[in-house]
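Before any questions on binding or motion, here is one chain by itself as structure tokens, the form predicted alone.
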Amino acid sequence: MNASRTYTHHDAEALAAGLPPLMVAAERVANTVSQGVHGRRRVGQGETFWQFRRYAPGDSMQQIDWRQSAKNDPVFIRETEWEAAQSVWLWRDGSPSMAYGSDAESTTKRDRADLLLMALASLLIRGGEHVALLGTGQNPGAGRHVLTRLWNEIESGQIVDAGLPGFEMLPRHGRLVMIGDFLSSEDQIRMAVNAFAHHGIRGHLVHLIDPAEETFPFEGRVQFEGPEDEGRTIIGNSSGIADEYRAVFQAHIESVQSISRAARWGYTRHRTDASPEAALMALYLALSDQGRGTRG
């Protein structure tokens, strides 16, 4: 996946005119990341020459460039750049826990998820990919109008109030990016991921974490209220359970990562107090590597 162009300051100003704040912020993040991935290529079944490399076991004999190989002792493969558009479905956790932000100054998990989703969609579309929001029934589309469609789907509440996506039959070799806090049980997460993976869908989990969820900075008597009707709990000495809590939370993070790895999916862990650009860069490059040699 290549960023097809670098947006100038003038382009950005023109694009921002009249756009909703989320789309403006997403374009700003995408523009920053675009600078770091501009010019990146991927190998595949295209016609544009990319590079020569040495023949390796498993390579097709049809890929051998006999003219180049005749000039040297090693046998060389002629690699071409992938030109077929990929289809990528995006999903964002719609559960109430995503509205959590540990303080008034922090970004909620939902806001960060929406920003990453829109910025990723912008990068994918610039690279010629087809994008759709899972669960809307829309087919993946390309072009700048798709960003407006995604924003409208998010703002109109078309994202289902659920912590995990329901299974949809997607085209084999399609790709799915799931962005959420994954606070569901390990079994539920595994079932959701495997439902897609077993049908040939490659995917990537973006695991969003509020800093307080990981560090548990609370002290003294604290009342905790579950965001999804779990009820209220008062803990008299919250610092006394901090170590046990951190161990349990870390174990859950590792279990989500393990589920992703077992399905041969990618995994990105992102705290909402960290740079969205760093998370988007890691995600975009992971998808680029994952997309090599597959058709959408």
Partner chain sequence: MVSLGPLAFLTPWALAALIALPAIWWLLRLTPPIPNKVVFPPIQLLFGLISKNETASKTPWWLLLLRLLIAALIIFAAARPLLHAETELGSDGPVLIVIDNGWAAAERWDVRRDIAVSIADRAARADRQIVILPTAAPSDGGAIAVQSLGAEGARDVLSKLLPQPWPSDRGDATTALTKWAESFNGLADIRWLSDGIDDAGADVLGERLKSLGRLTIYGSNELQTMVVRPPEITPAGLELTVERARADAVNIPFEVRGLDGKGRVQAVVSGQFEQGARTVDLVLDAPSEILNRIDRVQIGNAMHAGAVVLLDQRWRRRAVGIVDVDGAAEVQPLLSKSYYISRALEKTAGVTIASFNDLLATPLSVLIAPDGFAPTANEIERLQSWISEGGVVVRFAGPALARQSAEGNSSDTLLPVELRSGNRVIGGAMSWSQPMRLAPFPASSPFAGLTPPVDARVRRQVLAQPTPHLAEKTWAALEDGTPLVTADKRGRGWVVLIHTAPTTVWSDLPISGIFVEMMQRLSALGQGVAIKSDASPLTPEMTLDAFGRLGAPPAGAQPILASAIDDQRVSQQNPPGIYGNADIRRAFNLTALLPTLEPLPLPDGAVVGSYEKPTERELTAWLYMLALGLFLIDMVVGLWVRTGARATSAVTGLLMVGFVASMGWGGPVKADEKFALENSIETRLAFVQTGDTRIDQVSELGLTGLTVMLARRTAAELGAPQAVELGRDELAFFPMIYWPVTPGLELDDVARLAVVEYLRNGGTILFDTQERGGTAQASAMRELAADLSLPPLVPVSSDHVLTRAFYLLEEFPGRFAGGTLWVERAGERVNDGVSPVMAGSSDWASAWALDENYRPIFPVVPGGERQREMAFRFGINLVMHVLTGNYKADQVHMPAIIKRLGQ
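What you see is a predicted model; the values in this text were computed from it and never measured. Positions refer to the first chain, counted from 1.
Note that the form predicted together with its partner chain isn't included here; everything after this is about it.
Visitor: Please identify the residue among Glu225, Glu155, Asp187, Asp103 with any heavy atom within 4.5 Å of its partner chain in the model of the complex.
Guide: None of the others qualify; the residue that does is Glu225.
Visitor: Residue-level contact is defined here as any heavy atom of the residue lying within 4.5 Å of its partner chain in the model of the complex; does Glu213 satisfy this criterion?
Guide: Close contact exists here: in the model of the complex, Glu213 approaches its partner chain to within 4.5 Å, heavy atoms only.
Visitor: Using a 4.5 angstroms cut-off on non-hydrogen atoms, would Ile235 count as touching its partner chain in the model of the complex?
Guide: Yes, Ile235 lies within 4.5 Å of its partner chain in the model of the complex.
Visitor: Residue-level question: is Lys109 within 4.5 Å of its partner chain in the model of the complex, judged on heavy atoms?
Guide: Although its partner chain is absent here, Lys109 would touch it in the model of the complex, with heavy atoms inside 4.5 Å.
Visitor: Residue-level contact is defined here as any heavy atom of the residue lying within 4.5 Å of its partner chain in the model of the complex; does Glu254 satisfy this criterion?
Guide: Glu254: no contact with its partner chain in the model of the complex.
Visitor: Suppose contact means a heavy atom within 4.5 Å; in the model of the complex, does that hold for all of Arg149, Glu168 and Leu205 with its partner chain?
Guide: So, no: the whole triplet misses its partner chain.
Visitor: Taking 4.5 angstroms as the heavy atom distance cut-off, pick the stretch from 92-100, 116-124, 141-149, 191-199 that is near its partner chain in the model of the complex.
Guide: Partner-contacting stretch among the options: 92-100.
Visitor: Taking its partner chain in the model of the complex, which residues of 182-202 have any heavy atom within 4.5 Å of it?
Guide: Stretch hits: a single one, Leu183.
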